[in-house]
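As a starting point, one isolated chain is supplied in structure tokens, in the form predicted alone.
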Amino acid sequence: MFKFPEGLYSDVRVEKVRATLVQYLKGELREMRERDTSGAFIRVYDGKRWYYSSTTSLDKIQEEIDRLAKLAAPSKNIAEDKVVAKMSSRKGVPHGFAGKDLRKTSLAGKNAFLSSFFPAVTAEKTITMWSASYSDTFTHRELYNSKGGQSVCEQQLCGIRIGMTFLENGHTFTEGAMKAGGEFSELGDFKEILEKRISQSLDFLRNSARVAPGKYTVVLSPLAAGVFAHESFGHKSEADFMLGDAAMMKEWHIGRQLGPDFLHISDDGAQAGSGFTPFDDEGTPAKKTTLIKNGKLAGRLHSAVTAAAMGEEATGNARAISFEYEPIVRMTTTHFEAGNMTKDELFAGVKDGLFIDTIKHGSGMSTFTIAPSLAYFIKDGKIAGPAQISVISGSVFDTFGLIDAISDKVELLSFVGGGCGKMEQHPLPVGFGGPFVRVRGMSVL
């Protein structure tokens, strides 16, 4: 399709995207649009440095390849370069979305779908402010390189978010409901999700009690466990953070014991959902990468560049938020694997503790903080009323060692309206989740 120059490695990533966004604030329409964008990211590598370009003129791609090639210094040994050796030469079978094409539903139909959930919000008088949005993307992506690699795929994701502020007797509480999936049929239970979230929020507003700071046994929901895995461990597993950092390489050496032998964490771009990517933005096919196995550090996330630098294999984690950016090492769907007991058994082992159901936000590297939203006391293995918690925090290494139970069923979650941020690239769609995770002696404020 393209004529790649001799003595250089080159690749081209072409993207065509249809994006829909409908937004309301307190029932007033603020935005309703469909937008088509297309462009390409072009790279040329001569064994010493990279030359990049992005363009919205798809008919000018060959000109950009040729222009970048003139800046580079060709090498007859380019095929032997360690980075080039890690690049995929795979000719993949085109991957198409198997469900209903969202582009065939009118903008008015999407607006009506979102509006159908408003009565559940407006019927509750304690909700003094609310916002609602529907968004979807349909992405056609192609990647070609000078090693003969060719990959084509189509992906789509849609979802609804409704945020609500409750006010009663001078007390306020903010919470939201969200559901994402590949097509409308996967959003079919959103009404039940929304009604449950309203009920939970009212209970929290009226009956929650402040938790005394201290150390508690904490049970993390699949959502909270997923955020913990993503923020506290997933980013540390991105290999570009380790390049040139001898102390970090020593701290995060493969084989280090981090937790109990039933602790397993993986990143998997082949999992359906918002983190799904059949191949990354260098053409490496998606796969499951085990990061922790039997409680020990077992792997890292790589691009071809970081894999070459560390003498490891590319994992399919070179990703960019759009054709305007170069691929860097990013997560896909990062989660705890299933554990060693049922959910009921896990809760039954807590005499006096806390359950974190939903969260406001989380962050962390060597240390982490998670700000819970809906949280509950646990008394004698049972939920015992809503609990107000500012943050839970701790050392990543110490906290992994405090995990003493993981439930035996995994729930993976998809998201819209946000994503993962790294460097200047935000938001990138990712997925996370997991089983229920029990941690002894977690610091709570």
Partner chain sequence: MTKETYTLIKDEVSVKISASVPESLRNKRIKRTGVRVYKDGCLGISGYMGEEGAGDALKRAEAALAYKIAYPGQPSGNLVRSLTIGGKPFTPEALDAEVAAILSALRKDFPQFVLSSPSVKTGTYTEALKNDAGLDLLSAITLHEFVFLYKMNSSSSIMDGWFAYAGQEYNRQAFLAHAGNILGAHLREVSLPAEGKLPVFFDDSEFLVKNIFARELGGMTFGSGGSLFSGKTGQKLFNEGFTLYSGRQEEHLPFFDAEGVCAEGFKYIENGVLRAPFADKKTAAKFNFTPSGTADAAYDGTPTAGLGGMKIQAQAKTVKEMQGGAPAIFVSMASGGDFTSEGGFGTPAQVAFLMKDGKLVGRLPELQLTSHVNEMYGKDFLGVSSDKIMPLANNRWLGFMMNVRKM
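Only a predicted model underlies this, so the values are computations on that prediction, with no experimental measurement involved. Numbering follows the first chain given and starts at 1.
In what follows, reference is made to the form predicted together with its partner chain, a form of this protein that is not presented.
Spell out, yes or no, whether the shortest heavy atom distance between Arg210 and its partner chain in the predicted complex is within 4.5 Å. Yes - in the predicted complex, heavy atoms of Arg210 and its partner chain come within 4.5 Å of each other.
Could you tell me if Leu202 has a non-hydrogen atom within 4.5 Å of its partner chain in the predicted complex? No, Leu202 sits far enough from its partner chain in the predicted complex that none of its heavy atoms falls within 4.5 Å.
Its partner chain contact at Thr56 in the predicted complex, heavy atom, 4.5 Å: Judged by the heavy-atom cut-off of 4.5 Å, Thr56 is in contact with its partner chain in the predicted complex.
With heavy atoms only and a cut-off of 4.5 Å, decide whether Ala247 touches its partner chain in the predicted complex. Yes - in the predicted complex, heavy atoms of Ala247 and its partner chain come within 4.5 Å of each other.
At 4.5 Å between heavy atoms, only one of the stretches 318 to 326, 351 to 359, 86 to 94, 276 to 284 reaches its partner chain in the predicted complex; which one is it? Only one stretch qualifies here: 318 to 326.
For the three residues Ile61, Ala123 and His426, which mark the spot I'm curious about, does each lie within 4.5 Å of its partner chain in the predicted complex through at least one heavy atom? Verified in the predicted complex; spot residues all out of contact, no.
Would you mind picking the one in Tyr376, Phe415, Phe400, Phe41 that has a heavy atom within 4.5 Å of its partner chain in the predicted complex? Looking at the other structure, the residue within range turns out to be Phe41.
With its partner chain left out of view, choose which of Thr165, Thr139, Gln150, Ser133 has a non-hydrogen atom within 4.5 angstroms of it in the predicted complex. None of the others qualify; the residue that does is Thr165.
Residues of stretch 215 to 242 in contact with its partner chain in the predicted complex (4.5 Å, non-hydrogen atom): Counting only heavy atoms within 4.5 Å of its partner chain in the predicted complex, the contacting residues of 215 to 242 are His235, Lys236, Phe241.
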